[in-house]
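In structure tokens, the next block holds one chain alone, the form predicted on its own.
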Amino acid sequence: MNDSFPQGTAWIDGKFVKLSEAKISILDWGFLRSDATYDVVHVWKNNFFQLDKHIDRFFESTKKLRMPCQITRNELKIILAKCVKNSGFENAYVEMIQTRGVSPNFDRDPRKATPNVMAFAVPFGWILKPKDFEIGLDVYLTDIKRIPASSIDPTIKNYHWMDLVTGMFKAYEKGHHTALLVDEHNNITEGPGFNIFCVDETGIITPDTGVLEGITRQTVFNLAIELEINISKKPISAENLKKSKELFATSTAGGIMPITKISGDIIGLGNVGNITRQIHKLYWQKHSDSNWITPINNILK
């Protein structure tokens, strides 16, 4: 076992292999140009959570990138389920990827490339570990501009992460957990792999533009409606952010995560707020709701 890799199973070139053995060509456009899309779904207690929504977004992203996925929905479900089953995980983080692939004879025309689909499963990962839930995240608000929607459609889940990675370095250097980026108007956008929500006297608010339309982000809308909490999308300034009563982030990697500090400054009372707790509790309750989950064994039977 190569200690550089977590345990896990990958599907690549039409076969299942150990994660440490999964490789792509150095000439793949996904590697050379970040010309790829991906999606991540999690498995909890042997059940996929909102699998169809993740696959919907994945297929839509491949279409937007002019390389529609040639694998059927059912084939993809079986591949993802077998990655988890072969890994032996009860809780997993499962990624599906499609790159532009390799062009014949290194041709610079992307239309000549053959798209390459792959997938892998690793142990479930957390942005904020459960033991740290009551402490919450300390997020550094950077002045780094998120890549604008006029350049790259943020609704396509992509690997253009240099702005986010730069933000992460700045956050770590200053002793914070992670980073938050802004748009060209200095309004709040998103962080590395997560969306953000504010709570004020009007209810819950999340940025309306320039962000990935996360599956967990949409889940919060569904949960808020069920809880009869007002929720809306609109621009959020840095001042609005810092004056919020509560803040939380959402991601497949951890679900609903309280943010108790922005750049070291306490938000609200500095603890996990009531609305955040309600959303968090209901989110995990849905992990045993048959309308929200897909058992792995049902896919493989």
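All residue numbers refer to positions in the sequence shown, first residue = 1. Quantities reported herein were computed from a predicted structural model and do not represent experimental measurements.
The same protein also has a form predicted together with another copy of the chain, omitted here; what follows describes it.
Participant: Of S150, N186, N74, T202, which residue is found within 4.5 angstroms of another copy of the chain in the model of the complex when only non-hydrogen atoms are counted?
Facilitator: Selected residue: S150.
Participant: Just to be sure I understand the contacts: of L212, I229, I135, I127, which is the one whose heavy atoms reach within 4.5 angstroms of another copy of the chain in the model of the complex?
Facilitator: If I apply the 4.5 Å criterion carefully, the residue I get is I127.
Participant: Tell me which of 83 to 91, 220 to 228, 203 to 211, 118 to 126 has residues with heavy atoms within 4.5 angstroms of another copy of the chain in the model of the complex?
Facilitator: Checking each option against the 4.5 Å cut-off leaves 118 to 126.
Participant: Does the trio F197, Q278 and S288 actually contact another copy of the chain in the model of the complex, every residue with a heavy atom within 4.5 Å?
Facilitator: No: no residue has a heavy atom within 4.5 Å of the partner.
Participant: May I ask you to check whether R111 falls inside a 4.5 Å heavy atom distance of another copy of the chain in the model of the complex?
Facilitator: Output for R111 is yes: heavy atoms within 4.5 Å of another copy of the chain.
Participant: Report yes if any heavy atom of D35 sits within 4.5 Å of a heavy atom of another copy of the chain in the model of the complex; otherwise report no.
Facilitator: D35 belongs to the contact set for another copy of the chain.
Participant: Hey, in the model of the complex, does I78 get a heavy atom within 4.5 angstroms of another copy of the chain?
Facilitator: No, I78 is distant from the partner.
Participant: Heavy atom to heavy atom, is L65 within 4.5 Å of another copy of the chain in the model of the complex?
Facilitator: Contact with another copy of the chain, yes.
Participant: Even though the chain is shown alone, can you say which residues of 87 to 124 have a heavy atom within 4.5 Å of another copy of the chain in the model of the complex?
Facilitator: Contacting residues: Y93, E95, I97, T99, R100, V102, S103, P104, N105, F106, R108, D109, P110, R111, M118, F120, V122.
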